[in-house]
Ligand SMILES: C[S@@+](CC[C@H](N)C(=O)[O-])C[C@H]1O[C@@H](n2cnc3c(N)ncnc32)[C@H](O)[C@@H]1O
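First, one chain by itself: the form predicted on its own, in structure tokens.
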């Protein structure tokens, strides 16, 4: 879908949940000396200017990453994520830059690891190439994700992770994503697959979760919910009534196929801290694992 640009939603509560989980997965992969590969199916532009027009129009980041940082959580499970975000901003200065998943991955990967990025939107693709023009670990593909991802699997490294996070502007993606993941799993049965999805009032994500559950693999389902559609005050230095949670979005979900050992415990701790910091008593985070554990 070439109309979607993530800059309007960069650093919002959905990004906080997804990227905190991504950091935990990358930290797990980085503990072993053998190189790994990460594939990002919908890479976006890689870096986002929180002072720019897109982020400024919605202000979602103020109720997301800015509020999390202001809350100063000490939870160990959030530290990899907070450290990465801090690394893209001046120490002691304002929060002005938010790293997308490609930049998070590049920051946490080693010299021998590889990052394969897929992005079809012309403007986003051009920006992405600018961010990584000097990084030889990064390979960028201007292709449709549903066509490109299966062709990049399995990577030569065999160890690794595929992050799949469409915009779901096309409702059929709730059914086509599990089909694509099933095909990819047959070619890369040891790969970790992380699939993001929105939680909307009509529960249209149901077929997606059911389709992933049916793949007969260990699947972790983590969901973060807050007071959808209600005012969500930003940090102390934001306008008094702050931005509202993205209209119609009641929460955010992440499915992880072949989750690493004890990842459920780490993500449960991180998710609980995020729910507390962003939504207070109105927040909730759940984690369940289906199928046999790895």
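Positions refer to the first chain, counted from 1. Bear in mind the structure is a predicted one, so any value in this text is a computation, not a measurement.
The same protein also exists as the form predicted together with the ligand; that form is not shown, yet it is the one meant from here on.
- Of the candidate stretches 29-37, 66-74, 259-267, 43-51, only 43-51 contains residues with a heavy atom within 4.5 Å of the ligand in the predicted complex.
- Note on contacts: among 89, 167, 176, 79, the single residue with a heavy atom within 4.5 Å of the ligand in the predicted complex is 167.
- Residue contact check for residue 143: one or more of its heavy atoms lie within 4.5 Å of the ligand in the predicted complex.
- Although the partner is absent here, residue 217 sits far enough away that none of its heavy atoms falls within 4.5 Å of the ligand in the predicted complex.
- When the ligand is considered in the predicted complex, residue 18 lines it closely, a heavy atom lying within 4.5 Å.
- Proximity of residue 124 to the ligand in the predicted complex falls within the 4.5 Å heavy atom cutoff.
- Interface residues of 114-129, taken as those with a heavy atom within 4.5 Å of the ligand in the predicted complex (partner not displayed): 118, 119, 120, 121, 124, in sequence order.
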